[in-house]
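Here's a solo chain for you in structure tokens, the form predicted alone.
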């Protein structure tokens, strides 16, 4: 049985056919003279050891010693056929012709041997001028296999006939014809100008309706016939399931894939197809099990290569990862998978399932036995895995070129267009062989695209119905490093709006870490019981961690309602530098809050209760409370420092033709010299006295008056009047339009 492999040594498929070949009754090796029989055995042993040169020499001797022994010519032809390429170089043409001569010689001695007919047909597929003959040879092999009553051989032939029709269908199903004055696709313009492809598709080509449908029906018929003859035929199972997926018939694909997986429990490609069908039906947990079953059946080296994170990184990052130690590499890979997981609170990593679904599709659709490549390693497979299904696929009729008046080359042009990020890729390959590579300069274009967008999993987030968790992060000086405070607002009002049972369960999660090994650390989980339905409200939560300075930290905050499947997530990274290092005058982050409550004599962060506004969104007329800290102020008299505070509100994105005013409402009882100026911005300045020391807390309440809806930059600059040194911090807030 022949099926598309995951990794194929150059002659692995040859050995499978050669060693499994059964000569006709008239050609049994027992009829050979003993000396010739010994040489023939030596040829087969050499093939088994991968020594094709010795095998070919021995087969030549057998042919001279037993010129009517067809199998020697067949084995010789198989080796040459599998080593031949589809190219038009003289060596390629010579090797194909030589292989054809040997196979024809075998058929001359045993005219109706289905194996001989099958192999000659496969060879003809590599010869453009003779591809029509290939299907005729397969049909003849089909009749011969039926006449022999050999179900195993019949399955192989039916599968090959199915591949012919399936390849024709795939070359036609997205067919477009050129319109107007267009004569061909300009590959150079397509790679250089992102406007060219969408303009070409819209203005210079037109889709052909129902192209290839007859070939699809014929392919399905042959694949079904192959499985009826031999239910263990993995290739027929995989390609039939791929055909159903291509036709958007996942409802039919799933029960068939389930049945075939039971019949072929050791076939990894069938399990991959089952996982693809389950993921298409949003049965993510079951898809994960099917994919894991497929991976468990693969050789370790293949599994590692298939899931190698480096191939989805930017080239420089991939090179750095390759140089890392084993422990560093494992930590980086673990962090990558965790960071890709759209919602860690769910039992399955949906990103991993989605990525494996892409790998499964690439293997089913793009595997090329002729090129010796599994689908996920081909040019098309790599792009599909990186970016998912294109928004538009288009194929153009083959371009034909005569060579030496004897052979011609025809190449189908395939266009992939991704609207969201303007990525486009063009491939070119023969219509009768499932092999296509980047056309023109698109290999270089793909390498450059990988540097900019190494991977896109945006479709995974959409399928999960994820909401956003607004997070405001603030850094303050601490005795043993930096205190990082995170203020979040879980959108439980939207998550629980349609939940009938109240109170309803909401799962929560928080993760915070640094360095490669902890960049996406294990999540700390808890749960809440909250009012649901019309009484549902958003919930604010906060966390604080004191950490060493000089590192970058990653955080993630999640919420999930298990009954509805709704989830929400907020994440990011933040660099933590020492505040006030070396006694320098410095300032903390600015916290934007609804309320900041602290006594008049408050001197520490613990003395303040901050009701931060994580989204930093307000309605016109609301008051905005601010909190920040300064460090290492220098005293003038005794332990008293004088500080000048400048608060500026600057318009970022509204109608700039309208001015606005602002005023301070509180928190500056000891302020002097208050001033306010502005048009497109308002600046308020005041001075204050404070007890000098390591930390001085600041709070005030700001009202933006008649400020119109829009985005504003709110900045605070504090100057130590003893030294003239200044420090600055800034946030962006949004004023929303009142709902009607």
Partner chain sequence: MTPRLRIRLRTLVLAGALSAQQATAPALLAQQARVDVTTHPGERRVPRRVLMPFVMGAAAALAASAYFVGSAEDPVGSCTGPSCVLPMSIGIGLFVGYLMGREMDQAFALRYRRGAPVAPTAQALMLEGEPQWLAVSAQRGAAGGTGGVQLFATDGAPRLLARRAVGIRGIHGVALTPSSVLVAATTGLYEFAADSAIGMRVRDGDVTACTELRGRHVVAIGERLELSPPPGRSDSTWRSTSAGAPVRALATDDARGVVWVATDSSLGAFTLVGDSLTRQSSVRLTGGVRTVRTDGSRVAVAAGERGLWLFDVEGGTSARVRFVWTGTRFAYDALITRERLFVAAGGEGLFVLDARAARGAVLGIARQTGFAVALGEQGDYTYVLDRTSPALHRIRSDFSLR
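Take the two forms, find the largest set of C-alpha atoms that superpose within 1.5 Å, and that set is the rigid core. Given the structure is predicted, the values throughout are model-derived calculations rather than measurements. Positions refer to the first chain, counted from 1.
The discussion below concerns the form predicted in complex with the partner chain, not included here.
The closest heavy atom approach of residue 637 to the partner chain in the predicted complex falls outside 4.5 Å. The shortest heavy atom separation between residue 320 and the partner chain in the predicted complex exceeds 4.5 Å.
A residue is said to contact a partner when one of its heavy atoms sits within 4.5 Å of a partner heavy atom; residue 479 fails this definition for the partner chain in the predicted complex, lying far away. At a distance threshold of 4.5 angstroms between non-hydrogen atoms, residue 392 is out of contact with the partner chain in the predicted complex. Proximity to the partner chain in the predicted complex, taken as a non-hydrogen atom within 4.5 angstroms, holds for one residue of 146, 314, 281, 83, which is 281. Here is the short version: of 456, 542, 502, 527, the single residue with a heavy atom within 4.5 Å of the partner chain in the predicted complex is 502.
Note that among 137-145, 563-571, 93-101, 615-623, the stretch whose heavy atoms approach the partner chain to within 4.5 Å in the predicted complex is 563-571. Of all the residues from 251-290, those having a non-hydrogen atom no more than 4.5 Å from the partner chain in the predicted complex are 251, 252, 255, 256, 259, 281, 282.
Core-superposed comparison between this form and the one not shown: the C-alpha position of residue 560 differs by no less than 2 Å. The two forms, fitted on the rigid core, differ between this form and the one not shown by 2 Å or more at the CA of residue 534.
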